[in-house]
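A single chain comes next, written as structure tokens; it is the form predicted on its own.
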Amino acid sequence: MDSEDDMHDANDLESLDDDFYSGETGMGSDDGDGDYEFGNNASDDSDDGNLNRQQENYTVLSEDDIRQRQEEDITRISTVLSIERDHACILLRHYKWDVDKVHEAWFANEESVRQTVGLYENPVARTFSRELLCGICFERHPCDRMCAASCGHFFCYSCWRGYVSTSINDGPGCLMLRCPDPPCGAIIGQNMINLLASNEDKEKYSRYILRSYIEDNITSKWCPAPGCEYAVDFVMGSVNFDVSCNCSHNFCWNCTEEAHRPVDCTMVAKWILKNSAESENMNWILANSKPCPKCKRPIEKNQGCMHITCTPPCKFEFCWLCLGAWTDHGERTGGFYACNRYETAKQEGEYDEAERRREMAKNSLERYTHYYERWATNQSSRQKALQDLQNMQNVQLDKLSDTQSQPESQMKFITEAWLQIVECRRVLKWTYAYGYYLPENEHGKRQFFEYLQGEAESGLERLHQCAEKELQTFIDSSGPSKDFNDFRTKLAGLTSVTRNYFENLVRALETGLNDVGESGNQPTCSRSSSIKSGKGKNGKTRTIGGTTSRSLDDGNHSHWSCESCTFANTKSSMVCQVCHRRR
């Protein structure tokens, strides 16, 4: 019977979801040799280890850090190649601040490198007279008022200053400034800039050099947050592109959009383009309006009869249903609220194509609106959570510390809970973009994805309610509460459970839910070894797509999962450590 099949489907999803929380699904870790861990991994040591692993693939650099690294690279090149620091800086800029490439090219063919870059080792010999002719203004000047680069082409100081100032004000292109003589390729270094430029131009030039260290380097980028002056040095080859700047802005190093796991950069670009494109406007127009038969201007009808009058200057009167002239309509065609001509033509199939297009546009618009509204709602919720976090750090923690007679250092668990809420809102937001582009024909994946997404929302709401409403009772209390330590344990536990669930949800979605196969529209596991036989909540063996699964209640495990809050408790505990529900 259909009802029995539906019940089996629901049980299968419940079973698979329990295993998803407990780490029993074999959706593959990043290294490909282990299942996800959903147990109680909430120890401080493991958290610190996870934090260190997340930060190993990038380093946030301040302006002083950038300048220090830049000076170290210049010193290294200058020392190894035995050249001036000014020349070392020019070489590094030419080779995108890659020290290894400079060494490789220099020792392979020094003369070729000098010619390419414009570092002439021996200036052109000139016969000095009392006066020299400037090649720009064509006036003769005393020798002490003339200057030349390494090429030996002399120009007066006035022309040099104008040339340098104009180049610097034109932008970063001045970093590869050449000799003004047209056929000459001699490079102009910072030493000469310092000699000729004004203090303001010197400062601009120095800023260009500093910024080039980040912008020309393939391993570093500026933080895209407005007004932020931090940069990020990234370890190439890392799988996770999420970066957290010291300004608190989280972004993807690969595409510089906001952090968007579990969706990839290509999907983010498509989603952002779709949100900003005119395609959905056209879909709305097609689904909710009809063109005037005379001027073709789209008209929306939201109430009233079928007699439509187009706006001036057209003023054409027509029937909304058949789009025919209203002069041909009247009581004989059905009056103001019906059209016999339309009904007859519709039965003959005359309007089938137009109605089909309108229905397709309406369905497409409704589907997009469904996902976009939830995407935007979670974005708004995340912004609100950020404001609440700031208020908690600036105001509420002080008050709570005084009320409960505990130092602020003991309130770290509250900040961690709010930070986790903010992160989960971000992940949940992007799961809606993921769901929009999930193929409609992959029913098993879609069914499993929507179930996991629902569980993620439920878990996040539990954490949010605990961190907001339940915490408020302790903030508003008149004195220390004996239940505060129990609340600390509960909130810390919920934070750990939610973090584990969302981390594993992200990994599962990033792999495309590859372990969910297609078998009669039921989610199945593609690796039979990852979901093993065992007993369910009622002591019965549960199967998913013909493959048995086991919960944390199995005697072979050292943990059991709470049915209320899904926290993974130790086997010896008979009461949940978070919500205190009995096993």
Partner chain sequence: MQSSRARLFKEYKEVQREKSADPDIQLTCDESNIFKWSAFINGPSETPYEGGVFQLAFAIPEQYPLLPPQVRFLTKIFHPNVHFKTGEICLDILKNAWSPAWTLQSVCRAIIALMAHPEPDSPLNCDSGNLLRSGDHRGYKSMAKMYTKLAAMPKKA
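As the structure is a computational prediction, the values presented were derived from the model and not from experiment. Positions refer to the first chain, counted from 1.
Below: the form predicted in complex with the partner chain, not depicted.
Residue heavy atoms within 4.5 Å of the partner chain in the predicted complex occur in exactly one stretch of 111-119, 145-153, 130-138, 484-492, and that stretch is 130-138. The partner chain is not drawn, but in the predicted complex it has no heavy atom within 4.5 Å of E450. The closest heavy atom approach of F316 to the partner chain in the predicted complex falls outside 4.5 Å. When the partner chain is considered in the predicted complex, P180 lines it closely, a heavy atom lying within 4.5 Å. Within 4.5 Å of any heavy atom of the partner chain in the predicted complex lies no heavy atom of W106.
Only one of G512, P291, P224, G162 comes within 4.5 Å of the partner chain in the predicted complex through a heavy atom, and that residue is G162.
T166 is the sole member of Q472, Q465, T266, T166 with a non-hydrogen atom within 4.5 Å of the partner chain in the predicted complex. For the stretch 243-259, the set of residues having any non-hydrogen atom within 4.5 angstroms of the partner chain in the predicted complex is empty.
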